[in-house]
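What follows is a single chain, given as structure tokens, in the form predicted alone.
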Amino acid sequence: MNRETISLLAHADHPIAAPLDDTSVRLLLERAVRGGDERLLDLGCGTAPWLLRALAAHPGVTGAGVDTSAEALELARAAAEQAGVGSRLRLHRRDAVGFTAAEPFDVVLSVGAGHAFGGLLPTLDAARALLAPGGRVLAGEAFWLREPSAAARELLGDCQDLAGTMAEVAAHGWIPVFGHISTRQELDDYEWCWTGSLAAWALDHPGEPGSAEALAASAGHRTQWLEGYRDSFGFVTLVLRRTDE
């Protein structure tokens, strides 16, 4: 079972692939999509839940999603058709790094996909190249709530604390116009859904290839979370505008 399939199974019962609940997602989209006629781009869209919500809420919005997973994009396409927004959504199967478009976008999203670019600042660089004047970026990334253990650093890499993250964002030419720090409940709900959905699939499909691997992945992730990074990991989602405007 490859990582893409494990990720799809693990996120089956959570609103999006990040530690945010429905209310937080709605508020962030309200702050990012202000006019109701914007062109949206999601870099690393997965099954495109951000785009689907924005398209459903705003009949004048159009969206484009970029991802490498054919399975995720097919699920996104089917969900868009079922929601009646398929004609306003374009999906591109390719690496989000280096993606180009003929016209800029009013809102560029990349929440929890910073690993594809090498971190938050390279993600913002990619978004800047695709952003229309006056546009907004909606980006989410991990930060350290408190000093992490060596094991947590090894798992999650070199994050900053929140103040350091915001200082880097500002120095890189961005101004936050809204933000959300995931609550303890959002963080824990995300992890319980990730591990629980994967384990439930394995238990419901005991004879299928990959079942034992999925169950082991669930148990391993749960151990890493509870014994490694739970007490030090945080997540911030920002709505940003360019300083040079």
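We number the residues from 1 along the sequence you see. Predicted model only: the values in this text are computed from it and were never measured.
The form predicted in complex with a small molecule is left out here; the points below concern that form.
Honest question, do 106, 135 and 240 all end up within 4.5 Å of the small molecule in the predicted bound form by heavy atom distance? Zero of three within 4.5 Å in the predicted bound form.
Where, among 180-188, 212-220, 40-48, 53-61, do residues come within 4.5 Å of the small molecule in the predicted bound form by heavy atom distance? The contacting stretch here is 40-48.
Is the gap between residue 113 and the small molecule in the predicted bound form 4.5 Å or less for some heavy atom pair? Yes, residue 113 sits close enough to the small molecule in the predicted bound form that at least one of its heavy atoms falls within 4.5 Å.
How about residue 81 - does it come within 4.5 Å of the small molecule in the predicted bound form, if we only consider non-hydrogen atoms? Taking the distances in the predicted bound form, the answer for residue 81 is no, it never comes within 4.5 Å of the small molecule.
How about residue 96: is it within 4.5 Å of the small molecule in the predicted bound form, going by heavy atoms? Result yes; residue 96 sits at the interface with the small molecule in the predicted bound form.
In the predicted bound form, does residue 69 have a heavy atom within 4.5 Å of the small molecule? Residue 69: yes, in contact with the small molecule in the predicted bound form.
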